[in-house]
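One chain comes next, on its own, written out as structure tokens in the form predicted on its own.
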């Protein structure tokens, strides 16, 4: 794996001050990655829809200082200083230091805000760390000049991955693959790549409504969850299954077989939760209302010959996926029935988006 391509080779310019703002999205995995080795290398390839409305906006002010051995930064989240978030970001800067040596020469003030509840089962680390990575790449582009947008996106995904694996899939969109896979040209364990094939029109502008069943802190951190796969009795079979699923999903996305999409995506969601239930220690991440929603979705699909389906991250919230052609009917179903199972009847309408954008 060639990581030297991400180490700046030429002498960098000197800039006293710079400020950059990026909006980067969360994403929802269709084929899940669960289990990794160091440094943030996935045990299987994954693919996700980049979201549009669920995003993080991050501004970083860089101010030149005397170079030191420590990275100097302050962190504000939604207007408040958040020292409890600093250890994770400090660890991220430590991991990217070889690839971004200029961070030792600047004092950074990071201001970040989400368009969705933090730690609510929407991948806030994915959008948050990809936003920081994009700001770092904006600075690097100013310092070295002439970097291609392709390289900037690739390195940003590479850097983001070192903070949060799924963040590698939040730089581009609407479909991103992370992890080396024989059927996805250019795929890599080091960074995410845009799905390289032409997607059938039915999967364009795909809808994702996020039902907020439980907005509390996650029961199990992603890091702990991934570590549970290390000695898991079913882990090796799971990694094989996930890679097989990605190969199948690649064909489905191209040929427009929505019924097969529904079956595969729901199977992936339930398999992720099955792995957590059969780990040691074991966890049940779904809530009673998660199961109520799943059963309601199954009934609606059967009664209406619908292509609605669900997926889950490692938590209780439900992502309801459906084609744009069903938007009106499904949104009404969510509003009238499914919202009753959400905390304070809260849900977010979203759709597949196109990745990071500079503001």
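Given the structure is predicted, the values throughout are model-derived calculations rather than measurements. Numbering follows the first chain given and starts at 1.
The discussion below concerns the form predicted together with a small molecule, not included here.
Using a 4.5 angstroms limit between non-hydrogen atoms, residue 242 is distant from the small molecule in the predicted bound form.
At the 4.5 Å threshold, heavy atoms of residue 29 reach the small molecule in the predicted bound form. Contact annotation for residue 210: none of its heavy atoms lies within 4.5 Å of the small molecule in the predicted bound form. When contacts are judged by a 4.5 Å heavy atom cut-off, residue 232 does not count as touching the small molecule in the predicted bound form. Segments offered: 72-80, 162-170, 101-109, 182-190. Contacting the small molecule in the predicted bound form at heavy atom distances within 4.5 Å is 162-170. Among the residues 226, 194, 154, 215, the one placing a heavy atom within 4.5 Å of the small molecule in the predicted bound form is 226. Distance criterion of 4.5 Å from any heavy atom to the small molecule in the predicted bound form singles out 272 from the list 96, 246, 134, 272.
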